[in-house]
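The chain that follows stands alone, in the form predicted alone, written as structure tokens.
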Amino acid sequence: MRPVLVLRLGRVPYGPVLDWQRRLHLLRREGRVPDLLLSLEHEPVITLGRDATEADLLLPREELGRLGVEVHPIERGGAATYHGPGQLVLYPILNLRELGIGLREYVWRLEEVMIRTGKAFGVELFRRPGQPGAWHERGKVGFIGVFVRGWITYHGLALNVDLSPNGFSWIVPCGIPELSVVSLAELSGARIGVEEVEPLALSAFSEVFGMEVLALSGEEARAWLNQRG
């Protein structure tokens, strides 16, 4: 199978990871790094995609700042979303042309990763036409926001495991008022941590994309990133 290098970064602020993604996207376009997958949790942050408006913030920016929540306008598609502790985030930096994958199929595969991961915990998730992500009858569990340039991807997916706090209450999620947002822990009725979900999600990614996972964790992953600026 084609390899993908996974950088398991633990819990990290959003800003540095966004900078890494942009740098690695460029390096992947130039063929200077292999296909990559960043796996992590974020400190509390709200990101505003290309379709977001200021009205999607339900609290003033000053109050969000006092709560320790960053706000970042970014280039991915979609509206407002939240990332924070208790949520697994995967950022693939892949060459879709080399993989023979179009954009619609790429999004379908990201959804499939989350659906299979949920199933491993006894949670049946599904797709909704025209609304990318992973859904349950009680609400949305997994989120997708991607950016592709030169056939190279970045940004990616976020799967709610056990949010603390649930920062989706501070925004209009995905531009949909009153959208119900739930987590795997709520749906399974069990305590689940990101550290339990991550290996199963990486296994699902390997299966769905037909790629061999080669993982670096902690200091190894950061050293690899630092060597590439």
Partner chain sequence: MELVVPDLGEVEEVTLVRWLKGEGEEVEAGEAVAEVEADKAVFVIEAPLSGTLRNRRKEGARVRPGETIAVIQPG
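Numbering follows the first chain given and starts at 1. Note that this is a predicted model, so its numbers are computed, not measured.
One more form of this protein should be noted, the form predicted in complex with its partner chain, which is absent from this view; the next part is about it.
- Scanning 104, 138, 72, 119 against its partner chain in the predicted bound form with a 4.5 Å heavy atom cut-off leaves one residue, 104.
- Taking a 4.5 Å heavy atom cutoff to its partner chain in the predicted bound form, the contact residue among 51, 63, 54, 30 is 51.
- Taking the partner from the other structure, its partner chain in the predicted bound form has a heavy atom within 4.5 Å of a heavy atom of residue 144.
- Although the partner is absent here, residue 174 sits close enough that one of its heavy atoms falls within 4.5 Å of its partner chain in the predicted bound form.
- Using a 4.5 angstroms threshold between heavy atoms, residue 115 stays clear of its partner chain in the predicted bound form.
- Using a 4.5 angstroms limit between non-hydrogen atoms, residue 148 touches its partner chain in the predicted bound form.
- With contact defined as any non-hydrogen atom lying within 4.5 angstroms of its partner chain in the predicted bound form, the contacting residues in 76-93 are 76, 77, 78, given in sequence order.
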